[in-house]
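Take a look at this single chain in structure tokens; it is the form predicted on its own.
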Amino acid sequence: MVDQKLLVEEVKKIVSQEDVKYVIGYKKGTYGFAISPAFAYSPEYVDKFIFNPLCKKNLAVYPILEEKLPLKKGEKADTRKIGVIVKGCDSRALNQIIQEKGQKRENLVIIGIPCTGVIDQKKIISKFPNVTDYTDIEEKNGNYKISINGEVHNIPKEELLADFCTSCVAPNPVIYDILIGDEVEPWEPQEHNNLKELNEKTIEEKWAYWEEHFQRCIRCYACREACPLCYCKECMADMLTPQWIRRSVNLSENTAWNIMRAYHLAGRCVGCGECESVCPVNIPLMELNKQIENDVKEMFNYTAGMDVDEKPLFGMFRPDDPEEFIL
């Protein structure tokens, strides 16, 4: 567990610096097990900052989202640095964005926190469906200690752990200016849940599987909004000239959208699972992403977001890259 006092002290120092605009972290939500992003523009607000196994949200998405807003007439851009708290997968997302020139490294103050895995909100809400007051959670001896209405529940970690955490390749931040707490011992990444079984299916069976899921898609684009690597100024899904996909909500267009987005993330997805977490109809989007990630690893020996000095996968050429797939 992270020392909350140390976290608050370090973030206060950062937000007090004249060259820092604000720091993005986590605070208690207003309902049940929810956690909210927090923006500290002054040291006083930092007292609300927390970090626990419920802090799943990938905050790497916010520096771009917040700074992309239009300026008021006559207003000049505030070019001070932005501080952001990151776990392992979050730091990989920032690395990838920096590689792609989406952000400049010198414009960020990165506060790294080693991660032992986060809780799947859908799993914990399913287990405790009627909790309305905010509930703090502590990880201890392989269990999550949860106090609800004065009653303490010790739940085995594997029952609530987010599935994508088991396949994490970097629980410790790979890039940071300040590290809060000691690095954790990395675990052996497991194959993503259901992927092996899915790969054993025939082409027809795979199509039937994805057809079942894609026909539920309501094209809310929550996956796009939550993803730290979906930061294009204009998404292809919104283009009208040319129109790549229609606005209709049907199986054909839903399939086009989901496959287009999955391939857009090829060699870029860091496995944070935000897309699947926010999907209101529970489409297993990480199965698509993880399959492509495995293919990229096998063909190019490349893992997204691990090295800020490395060029993006499709932004470099290697003479020994495989060419068997080129017709």
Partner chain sequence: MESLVLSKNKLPELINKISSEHILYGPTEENNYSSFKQILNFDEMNLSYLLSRVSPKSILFKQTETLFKFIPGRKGSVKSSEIPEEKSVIFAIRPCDARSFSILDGVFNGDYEDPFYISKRKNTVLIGLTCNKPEQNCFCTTFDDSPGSSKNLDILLTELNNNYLVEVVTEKGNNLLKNMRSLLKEASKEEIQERKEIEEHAISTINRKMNLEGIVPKLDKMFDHELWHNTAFKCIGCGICTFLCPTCHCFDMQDEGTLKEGARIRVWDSCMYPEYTHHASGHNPRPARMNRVRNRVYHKFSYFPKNEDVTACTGCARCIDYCPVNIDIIDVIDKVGAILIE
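Positions refer to the first chain, counted from 1. The shown structure was predicted, so the numbers you read here are calculated from the model rather than taken from an experiment. Rigid core here is just the name for the largest C-alpha set that superposes within 1.5 Å across the two forms.
Unshown form predicted together with its partner chain; subsequent notes refer to it.
Classify Val249 as contacting or not contacting its partner chain in the model of the complex by the rule of any non-hydrogen atom within 4.5 angstroms, answering yes or no.
Looking in the model of the complex, residue contacts with its partner chain include Val249, since a heavy atom lies within 4.5 Å.
Would you check, heavy atoms only and a 4.5 Å threshold, whether Glu159 touches its partner chain in the model of the complex?
No.
Give a yes/no on whether Val174 approaches its partner chain to within 4.5 Å in the model of the complex, heavy atoms considered.
No - in the model of the complex, heavy atoms of Val174 and its partner chain never come within 4.5 Å of each other.
Find out whether any non-hydrogen atom of Arg268 is located within 4.5 angstroms of its partner chain in the model of the complex, and reply yes or no.
The answer is no: Arg268 has no heavy atom within 4.5 Å of its partner chain.
Heavy atom contact within 4.5 Å of its partner chain in the model of the complex, the stretch among 98-106, 137-145, 85-93, 222-230:
Only one stretch qualifies here: 222-230.
What are the residues of 24-49, in order along the chain, with a heavy atom within 4.5 Å of its partner chain in the model of the complex?
The stretch touches the partner through Gly29, Thr30, Tyr31, Gly32, Ala34, Ile35, Ser36, Pro37, Phe39, Tyr41.
Any CA movement of 2 Å or more for Lys233 between this form and the one not shown, core superposed?
The answer is no; the displacement is under 2 Å.
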